[in-house]
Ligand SMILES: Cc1ncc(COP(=O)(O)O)c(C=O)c1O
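Given next, in structure tokens, is a single chain: the form predicted on its own.
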């Protein structure tokens, strides 16, 4: 991947006002403007910007999670989903994924709602919102909270009338440089309820309320003004960048469609996320051979998400629950190069090299 960078002059044009104000952090005008523009774009009722996607998860868990306990989640995700849970004192309860969508399997969730389960933390894997409504309904009807890891969901448009950011008690976004939209490094929390958004905003700034009191401990998770300025400029170009990425994804799929050894994630969205270009290969041995072959040709790939987070060594063995489908997908998945400046001829070269490896 490569960061999507706007024309430098557009970013520089925002810096004089920043210098004149002397305000580079603590919720300045650029942060407030970015929150408003992101809320309109996603769309979401409330957006609170924070330092990064991991802190977005931690702050959301602190604001909504309440009592410590077990949280149903997926092992097929980036490390931060699991480490944020553990960092906040929760116990991850890993449940297997759907073989086609790669998301937490809603059919399996009810069987794991033990008395110690306090919430559900699903992931829209590669920005795929499949099954999200079902999981949110299960949480609501069972009296548990739900926070959605929507780190990859910028630009996603669902097939229905609602927004992917309407689901559950809150959703989190990563605004990291590897995403199609970024603030250099950043994150955000979306919430439908005003009270939740207000609490999140307090917690990101040490827990201070409007009187200067700290009714509960918070953390420093504020986004800086220079980072927000980058986000504001990038937002101007995001739709154009997404269109180019969509064209590259279509070309990848068209060229790989005749290759019997390659299959794809089933995506349930009117416009899916185009942050990643995941494919499935027949097995682990084939995947590793393809990785080596592509690397030898100077083509970088990523095994997102391998190994499963449930296999991390810091977890006690009692928590390393077997998830056979997730294990299979993790052994087969490979993300190919994708960024808006990727030329078509490079897509063709990647596919030709991959076919040669197979």
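Positions refer to the first chain, counted from 1. Quantities reported herein were computed from a predicted structural model and do not represent experimental measurements.
Below, we refer to the form predicted together with the named molecule, which is not included among the displayed structures.
- Here the chain stands alone, but in the predicted bound form its contact with the named molecule, taken as any heavy atom within 4.5 Å, falls in 47-55 among 288-296, 311-319, 47-55, 31-39.
- Taking non-hydrogen atoms only, residue 171 never approaches the named molecule to within 4.5 angstroms in the predicted bound form.
- At the 4.5 Å threshold, heavy atoms of residue 152 reach the named molecule in the predicted bound form.
- With a 4.5 Å cutoff on heavy atoms, residue 191 does not count as touching the named molecule in the predicted bound form; it lies far away.
- Contact between residue 179 and the named molecule in the predicted bound form is found at the 4.5 Å heavy atom cutoff.
- Though the named molecule is absent from this view, in the predicted bound form it lies within 4.5 Å of a heavy atom of just one residue from 130, 274, 139, 80, which is 80.
- Residue-level contacts in the predicted bound form: of 71, 228, 123, 200, one residue has a heavy atom within 4.5 Å of the named molecule, and it is 123.
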